[in-house]
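The chain that follows stands alone, in the form predicted alone, written as structure tokens.
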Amino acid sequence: MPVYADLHLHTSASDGELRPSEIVSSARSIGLKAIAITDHDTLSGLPEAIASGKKNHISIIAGIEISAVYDPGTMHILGYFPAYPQGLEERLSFIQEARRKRCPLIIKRLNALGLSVTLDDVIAISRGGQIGRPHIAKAMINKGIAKNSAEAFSRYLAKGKPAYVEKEKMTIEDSISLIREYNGLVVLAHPFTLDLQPYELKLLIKHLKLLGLAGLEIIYPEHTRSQKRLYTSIAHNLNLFITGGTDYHGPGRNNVSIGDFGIEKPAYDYMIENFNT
């Protein structure tokens, strides 16, 4: 069966390259029936996406991706909402402000390394959205400092590299609680980034379910077949629904296109039913 819904898409409202309406048009052109906009720590791209969805006759799921405090890996928590969650954007303002303060600090470190990247360079690339490390990476590419985004991160921007600056994060408990407060479904994004052994992952996900976890993102570009089998087994054992998507950020990024990964209609319908439970 073809992909019905791509449930992990980023727009220029956070660190994606395309405007929300461009994402919607692209999704419609390849035959997707539904998508979720899951920008980092912001809902600001959703009004444009929802309006474009109505014009293009494609369902838009209001979503978000929140970074939670977690070591040693990375934990991203997706929230999917039955409607636009009024008031949530204001609740996230402290994280957005921390993001705004983080980028100048990264640029300052790059400058200290003798690399000529300016905040204006980065803002110009962001197209008015939040600025983040992907925008800085692109500015570095434009300046000839790095050949591609992978090099920019591996040499300078990734955790542990010379220009890395830690970002503000919510606790796991607060992230899940906030999503549930607005009637959202809580999903653990790309579990492989947690860097856990199978038994450790099972224990963690069991704990997350007690906090309110409802689903697992299993269909994902970087998940291997064995990982998908493991995650599917965990989801079935814990009665969690399955989601999937491309984690799309723009043309040529991560070698994926909108709709390359996602869920089929039965899985999408089951997820929608969970909004009413």
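Numbering starts at 1 and follows the sequence shown. For clarity, every value in this text was computed on a predicted model and none was experimentally measured.
What comes next is about the form predicted together with adenosine monophosphate, which does not appear here.
S.K.: State yes only if every one of 47, 55 and 84 has a non-hydrogen atom within 4.5 Å of adenosine monophosphate in the predicted bound form; otherwise state no.
M.R.: Not a single listed residue reaches adenosine monophosphate in the predicted bound form, so no.
S.K.: Note which of 223, 209, 249, 28 lies within 4.5 Å of adenosine monophosphate in the predicted bound form, where distance is taken over heavy atoms; exactly one does.
M.R.: For this set of options, the contacting one is 249.
S.K.: So in the predicted bound form, does any heavy atom of residue 134 sit within 4.5 Å of adenosine monophosphate?
M.R.: So residue 134 counts as contacting adenosine monophosphate.
S.K.: Verify the contact flag for residue 138: yes if a non-hydrogen atom of it lies within 4.5 Å of a non-hydrogen atom of adenosine monophosphate in the predicted bound form, no if not.
M.R.: Outside the cut-off, so no.
S.K.: Give a yes/no on whether residue 180 approaches adenosine monophosphate to within 4.5 Å in the predicted bound form, heavy atoms considered.
M.R.: Residue 180 lies outside the contact set for adenosine monophosphate.
S.K.: Against adenosine monophosphate in the predicted bound form, would residue 102 count as a contact residue? Criterion: heavy atoms within 4.5 Å.
M.R.: Looking in the predicted bound form, residue contacts with adenosine monophosphate include residue 102, since a heavy atom lies within 4.5 Å.
S.K.: Go through 170-178, 196-204, 86-94, 148-156 and give me the stretch that gets within 4.5 Å of adenosine monophosphate in the predicted bound form, heavy atoms only.
M.R.: Of the stretches listed, the one contacting the partner is 148-156.
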